[in-house]
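The chain that follows stands alone, in the form predicted alone, written as structure tokens.
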């Protein structure tokens, strides 16, 4: 029976520790056994799920990974759900993906039970699944759909990015080669597991290499740094916001405690920053504090990672390096011509086996996103001395905050439901901690008043925490151009 490469590789080191949560360790053999059991439960009497969508809301750890592998081994398409998503956001994901089953733990079931009942979607409680693994599982070809991750774009609703098993394998293999992953590695995982950063860059790369992943429900500063001080890790990956907060924390520690943590960081073979631009000042602060030169890279949900500073060689602050193995990059000018020289800006376009093939049930959006096989990222860049530097988004409707890519239009649509707001415009404004903070300029209805604390309170049931505006400007009118459209660069000037 032909197996997925990730599963087949796990059989090469059955007794190695695959995942660790606190003091509990799970081997690759246990991961294979549990995922096989769950795959059989999902299949029931069927031979193959035939790309049926299976969503799951589970904390990072053994059960999450076993469930993801089970969906893949049964022939299904994995739809990871966000723990920070609100009820309407979860409902949108389940209905848009046409999910046929939701998996949750006893702890997370309360979040989705009512929704599943109303949508008539079966809910499987993971803790109640027992038995023995199914002997025969379907053969899954690399061309089969494997996963749908939802990402905000320049429309008001997130789009489902569909990746195949071949896409995922290509995304993993390029990083394993470029970043020299090895079986002796150990990495902490505290990043969200409904994003490519946590799923691919950390978890899947580590498990492909036979390494160990130590999982946390979220980033717990004291616990994670305690493990760093104990020399537990060889590789570390985080978003710029976490590095900013760690710098602040390290500077507050006493001498001996601080020295132990810094020594733990200094002893790692690789530290990576991604999901948002890393300010050069933070890069330099981290190097001055720990001696580590952070490796900055560039990628998207649709393409995995595309550019990276070198593992061996110069890592330039403010740069995202060169194309990864197997990735083709070109820059296209505003006039539609290929940029051939340095210091000329252009849109990053990407081609290669790691690039996705479709947005779920969005053929028009898919077609608009490609230019003769090249994926149009919407990000502008320039080449300087052979290294790419990201200049920003073509669209002002994309906000990158705390490692998340947010749609300003989606947030605006939710804010317009507020009874006091007549018009609004959402923008990202520079923020030292978050990269960009969500800000809103609002025109109120006659006689209404609104302050940012009241607005944030109203938003909590409607928007995920990272989408809630951090700043509010109440204005008489929004700045517009000659065509009557709101000019968001001018709106930024209000803050």
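Numbering follows the first chain given and starts at 1. None of the values given here were measured: they were computed from a predicted structure.
What follows is about the form predicted together with malonyl-coenzyme A, which we do not show.
- Taking non-hydrogen atoms only, residue 62 never approaches malonyl-coenzyme A to within 4.5 angstroms in the model of the complex.
- Contact annotation for residue 275: at least one heavy atom lies within 4.5 Å of malonyl-coenzyme A in the model of the complex.
- Mapping the unseen interface onto this chain, residue 166 falls outside it, with no heavy atom inside 4.5 Å of malonyl-coenzyme A in the model of the complex.
- In the model of the complex, at least one heavy atom of residue 219 sits within 4.5 Å of malonyl-coenzyme A.
- The candidate site formed by 66, 71 and 140 is entirely out of contact with malonyl-coenzyme A in the model of the complex, as no residue has a non-hydrogen atom within 4.5 angstroms of it.
- Listed residues 191, 324, 205, 104 were compared with malonyl-coenzyme A in the model of the complex; 191 is the one with a heavy atom within 4.5 Å.
- Out of the listed residues 258, 316, 283, 195, 195 is the one that sits within 4.5 Å of malonyl-coenzyme A in the model of the complex by at least one heavy atom.
- Of the candidate stretches 334 to 342, 174 to 182, 364 to 372, 294 to 302, only 294 to 302 has residues whose heavy atoms lie within 4.5 Å of malonyl-coenzyme A in the model of the complex.
- Contacts between 440 to 472 and malonyl-coenzyme A, taken as any heavy atom within 4.5 Å in the model of the complex, involve 456, 460, 465, 466, 470.
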